[in-house]
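Presented as structure tokens, the chain that follows is alone, the form predicted alone.
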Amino acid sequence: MKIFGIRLPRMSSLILWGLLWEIIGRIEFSFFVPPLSAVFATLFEIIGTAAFQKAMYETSYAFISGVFFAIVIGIPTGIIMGKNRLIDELLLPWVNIFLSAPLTALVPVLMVLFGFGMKSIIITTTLFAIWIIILNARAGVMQINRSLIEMAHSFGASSWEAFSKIYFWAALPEILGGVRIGVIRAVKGVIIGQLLISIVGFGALFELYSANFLMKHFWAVLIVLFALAFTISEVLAYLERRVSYYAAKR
């Protein structure tokens, strides 16, 4: 980021937006936007409470479980679709439909099928994340140099050896890209699940604070959620850059 030809450090834009937020809060433009300093003060007050820690545990459990199932199911499915044309033609239309469809509309169906508990929230989180992971894994496999596959077959590699030593590693940059986007979508899924299916976790705090107009508390929880999502995304982006040389080797 540059201003008047001067290169500013990374994250400078966040500092500028934070100052703007503080100014708007100080002039009391709207009760909905309290000063950022007051939001952080409130955050330090509630972060040690039992209610916040319980919400953090419930949200983390649903999020990690949903992302785990999305990765464990999505990556092999995408690789198989990239390898097998028949399976690809059978599954690709459905993957594209679910990727582009408003998944929030499926939440009532999940509530009927799986109840109002944590299971439905985890499934919702998985559904938000899995489709982009499948598509990216598929795209990575389809870009693999065919000579690598022919070499594996010529040396008598089994299906598992070809999967674990050729397909997975050669498609790893695209797979990590899909996981990174899937994680971001999973954050949306877990909060939507906690708001619509069962009022637990951060969803319960959002509901409580907004209903009682406790906007400092509301923004404090929202900042924690954004910070967690941003941190996970940046870590995955770093890993994605670290393995980018695999793409060049293809």
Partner chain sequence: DKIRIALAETPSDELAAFFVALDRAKANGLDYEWTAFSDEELAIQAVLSGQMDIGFGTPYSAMQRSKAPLRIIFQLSKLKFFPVTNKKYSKLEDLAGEPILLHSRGGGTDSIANVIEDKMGFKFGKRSYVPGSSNRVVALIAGQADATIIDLSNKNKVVRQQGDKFNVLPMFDVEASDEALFANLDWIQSNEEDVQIFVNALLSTWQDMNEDPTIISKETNPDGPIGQLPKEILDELDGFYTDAIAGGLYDANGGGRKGAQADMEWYSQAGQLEGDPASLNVEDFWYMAPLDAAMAK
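Keep in mind it's a predicted model, so treat the numbers as computed, not measured. Positions refer to the first chain, counted from 1.
Not pictured, yet referred to below: the form predicted together with its partner chain.
> If you check in the model of the complex, is Leu208 within 4.5 Å of its partner chain, heavy atoms only?
Close contact exists here: in the model of the complex, Leu208 approaches its partner chain to within 4.5 Å, heavy atoms only.
> Does Ile73 make contact with its partner chain in the model of the complex, using a 4.5 Å heavy atom cut-off?
No, Ile73 is distant from the partner.
> Is Ala51 close to its partner chain in the model of the complex, meaning a heavy atom pair under 4.5 Å apart or at it?
Flag for Ala51 set to yes.
> With the cut-off set at 4.5 Å between non-hydrogen atoms, does Ile47 touch its partner chain in the model of the complex?
Heavy-atom contact with its partner chain at 4.5 Å: absent for Ile47.
> Quick check on this chain: which one of Met56, Leu214, Leu36, Leu43 has a heavy atom within 4.5 Å of its partner chain in the model of the complex?
Residue within 4.5 Å of the partner: Leu214.
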